[in-house]
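One chain is shown next in C-alpha cells, namely the form predicted alone.
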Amino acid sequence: MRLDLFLRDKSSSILLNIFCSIFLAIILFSLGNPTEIVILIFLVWHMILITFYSVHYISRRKYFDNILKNASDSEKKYLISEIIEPPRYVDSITYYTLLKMANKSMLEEITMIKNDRKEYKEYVEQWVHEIKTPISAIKLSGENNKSEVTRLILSELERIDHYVEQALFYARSEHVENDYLIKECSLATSVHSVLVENKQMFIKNKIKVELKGLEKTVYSDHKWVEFILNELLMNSIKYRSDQSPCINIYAEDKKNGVMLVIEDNGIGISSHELPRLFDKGYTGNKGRQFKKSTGIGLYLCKKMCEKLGLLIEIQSKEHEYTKVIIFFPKGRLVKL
C-alpha cells in the first residue's frame, strides 16, 4: 500500500481534525488561556493524530502486502479469494464478499465450459470410431477389386482417413498426458506403418521413398510418433515436386539421442516463413496457393513433440528441399 494513496483516502478526516484543532485553539484563546497551554494542547492533539494514522497505515500495509504476496506465490491466482483470510477492516469486507461472489460465479462458468468440452470431445471420439468402420469396409472392397478407379478411390480414402485421424488426435491433444505410454519404439516399424497407411497416395503421385538407418529404437509413445510422422509425410506429399518427387527418411545416432530426418525435394518454403510454420492456423504462401493447408498439422506436431519431450525443427530452401528433423533425446531411464 502506497503512503500517498493512504493519505489521499484519509484526507477528509485529517483536514477535519486540523480544522477542529484550529477551532479549539481559537476558543481557548478567546477564553483567556495562555498561549503556551493552547500550543501544548495543539501539539498533543496532532501527535496523537499522527501516531494513530501511522499505526493504522503500517497495520494496513502489512495486511495488504501479505495478501499480494500470497497472490504472487500462488500458481492459480484465480483462487486467491479461497486462500486469503477474511479482512479485518470494515471497508474491505464488501470487496472481499464481491471477490467471493465473482470467484464462485467464475468457477461455475469454468465447470460448465469444461463439461461442454468434455461432452464434445467424447462425441468427436465416438464419431471418429464410427466413421472409421465404413472407411475400412470401403478400403477392403477396393483392395479386393483393384483397378484404376479403385486406386483413385483408395487414394482419396487415405486422405479422408488422415483428416479423421487428425480430428481425433486434435481432440485428445489437450490431455495427451492421460493417453500415452512411453515404451521402447522401433523407428523402422513406425515409419513402415505410416508408409503402408498412405501407400496409395505414394503410388498415385509416383513418389519415390528411400529409407536408411532406421534400425534404431527410442523410448516414446508409438501412436503419437506415428501421428507426427503421418502429418509430416502428408505435407511432403502435398507440396511434392512435379519432377521425380522423392522422400528420404533416415536416422542417425547423436551424442545425446537419435535424430530422425524426413527430407523431400518438394517446392520448399520461403525462409521468412520458417519461424511461423508451427503457429496454429498458419498456412503460408504455399498453403494459400494450393488451397490444401489448414495450418493445423504442424501446430499439432509441435505440440505433441513438446508433450513427449521431443525436439522438432524444419529447414527448407524454396524450390529445392524441405527437411524436418525430430530429435529423440536420451533420458536417464532411456536406453538407446
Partner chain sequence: MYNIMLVEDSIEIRTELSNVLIKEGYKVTALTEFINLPELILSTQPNLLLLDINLPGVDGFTLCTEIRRSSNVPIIFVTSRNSEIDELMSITLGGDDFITKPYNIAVLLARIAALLKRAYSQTASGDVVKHGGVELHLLSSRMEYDSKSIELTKNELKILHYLMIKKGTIVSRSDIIEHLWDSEMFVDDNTLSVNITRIRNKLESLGITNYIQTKRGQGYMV
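Since this is a predicted model, take the numbers as computed values, not measurements. Numbering follows the first chain given and starts at 1.
Another form exists, predicted in complex with the partner chain; not displayed. Remarks below refer to it.
Novice: Among 174, 156, 184, 165, which has at least one heavy atom within 4.5 Å of the partner chain in the predicted complex?
Specialist: None of the other options qualify; the answer is 165.
Novice: Have a look at 199, 254, 100, 121 for me and say which one sits with a heavy atom within 4.5 Å of the partner chain in the predicted complex.
Specialist: Of 199, 254, 100, 121, the residue with a heavy atom within 4.5 Å of the partner chain in the predicted complex is 199.
Novice: Only one of 254 to 262, 190 to 198, 87 to 95, 74 to 82 gets a heavy atom within 4.5 Å of the partner chain in the predicted complex; which is it?
Specialist: Correct option: 190 to 198.
Novice: Report yes if any heavy atom of residue 161 sits within 4.5 Å of a heavy atom of the partner chain in the predicted complex; otherwise report no.
Specialist: Within the cut-off, so yes.
Novice: Residue-level question: is residue 143 within 4.5 Å of the partner chain in the predicted complex, judged on heavy atoms?
Specialist: Yes, residue 143 is a contact residue.
Novice: Residue 139: heavy atom within 4.5 Å of the partner chain in the predicted complex?
Specialist: Residue-level check for residue 139: yes, a contact with the partner chain.
Novice: Mark residue 222 yes when one of its heavy atoms lies within 4.5 Å of a heavy atom of the partner chain in the predicted complex, and no otherwise.
Specialist: Yes, residue 222 lies within 4.5 Å of the partner chain in the predicted complex.
Novice: Using a 4.5 Å cut-off on any heavy atom, which residues of 117 to 137 would contact the partner chain in the predicted complex?
Specialist: Residues within 4.5 Å: 129, 132, 133, 135, 136, 137.
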